[in-house]
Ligand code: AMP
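One chain comes next, on its own, written out as structure tokens in the form predicted on its own.
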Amino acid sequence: MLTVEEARQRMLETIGVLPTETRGILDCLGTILAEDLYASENIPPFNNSAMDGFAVIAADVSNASKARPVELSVVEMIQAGYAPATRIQQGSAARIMTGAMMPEGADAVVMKEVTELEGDKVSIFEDVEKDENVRFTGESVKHGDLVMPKGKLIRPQEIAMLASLNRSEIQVYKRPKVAVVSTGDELTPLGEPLTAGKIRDSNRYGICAQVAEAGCDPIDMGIARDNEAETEEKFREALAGADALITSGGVSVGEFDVVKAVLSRLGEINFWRVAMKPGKPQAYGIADGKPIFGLPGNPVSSLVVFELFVRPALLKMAGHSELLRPTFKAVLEENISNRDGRVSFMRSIITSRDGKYYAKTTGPQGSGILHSLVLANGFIVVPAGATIAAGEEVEAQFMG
């Protein structure tokens, strides 16, 4: 059997990055920037006030206090969005709003709360340092600065910055379109009654959600029955409209061979046995230049294999450089034992207390117990044959 690391490395070595495309910035959330982005203008574009108050010459109010206020003549009120009309001279001030352009001559802003305005006179009850409460031209970004390098993940704050830089469109890596197919005569669609021997098709919905959580676009292709011609037709249709295909079911040793036969005809497919629990049987390969991921049919196995293998592959396709979730040490809160010859990814509840992480399992860990994942917020990694006592540390990671 392959180790998790060996199987993942073999897979990732064959995964390419998708081409780039131009998108409007409101359609870029979660994508990866495909160009170096330089500032074409300063942010902010002019010196402006950081608060409501009075623009002054700092030296004029250097001795101001409640006991000995300084009185200045108010020569102008400056609103945000308008240019000042008057230069501030010694003994004068301008009433100014947050974000409004600083008038010439002024070098500080006294906040409104320490002043009292009467007519065209303002009393200042507190001194202020030169440059205090002033935002300067280019303070955030200067013209010509590299603001975002190629490979940057576009989050809401990046979109706000793009708008600040007057960029309505950017080059990003394409978001992968991923077709998802469940296989098996035993599967019953939502809304239909269960008959003898049938189960609900949960994998397809969970996998589609995982695809979306990874920042990709899922394409729900429904259920492929245990019929070679129908299954092949559905798989080929899926590949024609997607950048990748994920199937669930039909990759275990001894199962009805429809999925294996069809996948083998589509392209170069490897059927792997990976030394992990859950999720030992898997399939991976390339057809028409597109990756195909064959996941186990057990619901926990399919979701875990996606997390450890498919998610990194999709992230690479989308242009990400960080492909794996971070791992960390957690203190075990119970005695656990892994008598299997495979590394076990146990579903766990991970909490943080006093600067440390603590972990306990969600209970029974069978690959058909989907509720073990519902209760979990992460995994702990238990080596093959290991027995670990409460209080010892284990490797852990959060999951989506």
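Note that residue numbering follows the sequence shown and begins at 1. Here the structure is a predicted model, which means the values were calculated and not measured.
Just so you know, the form predicted in complex with adenosine monophosphate (AMP) exists too; it's not on screen, but the next bit is about it.
Trainee: Specify the contacting stretch among 212 to 220, 192 to 200, 120 to 128, 315 to 323, defined as having any heavy atom within 4.5 Å of adenosine monophosphate (AMP) in the model of the complex.
Mentor: In short, 192 to 200.
Trainee: Spell out, yes or no, whether the shortest heavy atom distance between Val274 and adenosine monophosphate (AMP) in the model of the complex is within 4.5 Å.
Mentor: Residue-level check for Val274: no, no contact with adenosine monophosphate (AMP).
Trainee: Can you work out whether Val147 and adenosine monophosphate (AMP) are in contact in the model of the complex, taking contact to mean some heavy atom pair no more than 4.5 Å apart?
Mentor: Heavy-atom contact with adenosine monophosphate (AMP) at 4.5 Å: absent for Val147.
Trainee: Quick one: is Pro299 in contact with adenosine monophosphate (AMP) in the model of the complex, heavy atoms, 4.5 Å cut-off?
Mentor: Yes, Pro299 sits close enough to adenosine monophosphate (AMP) in the model of the complex that at least one of its heavy atoms falls within 4.5 Å.
Trainee: Although adenosine monophosphate (AMP) is absent from this view, report whether Glu233 comes within 4.5 Å of it in the model of the complex, heavy atoms only.
Mentor: Glu233: no contact with adenosine monophosphate (AMP) in the model of the complex.
Trainee: Counting only non-hydrogen atoms and a 4.5 Å threshold, tell me whether Ser49, Gly53 and Met97 all contact adenosine monophosphate (AMP) in the model of the complex.
Mentor: No: none of Ser49, Gly53 and Met97 comes within 4.5 Å of adenosine monophosphate (AMP) in the model of the complex.
Trainee: Which pick from Glu186, Glu228, Glu132, Glu139 sits with a heavy atom within 4.5 Å of adenosine monophosphate (AMP) in the model of the complex?
Mentor: Flagged contact: Glu186.
Trainee: Even though the chain is shown alone, can you say which residues of 73 to 106 have a heavy atom within 4.5 Å of adenosine monophosphate (AMP) in the model of the complex?
Mentor: The stretch 73 to 106, when checked against adenosine monophosphate (AMP) in the model of the complex, contributes no residue at the 4.5 Å heavy-atom cut-off.
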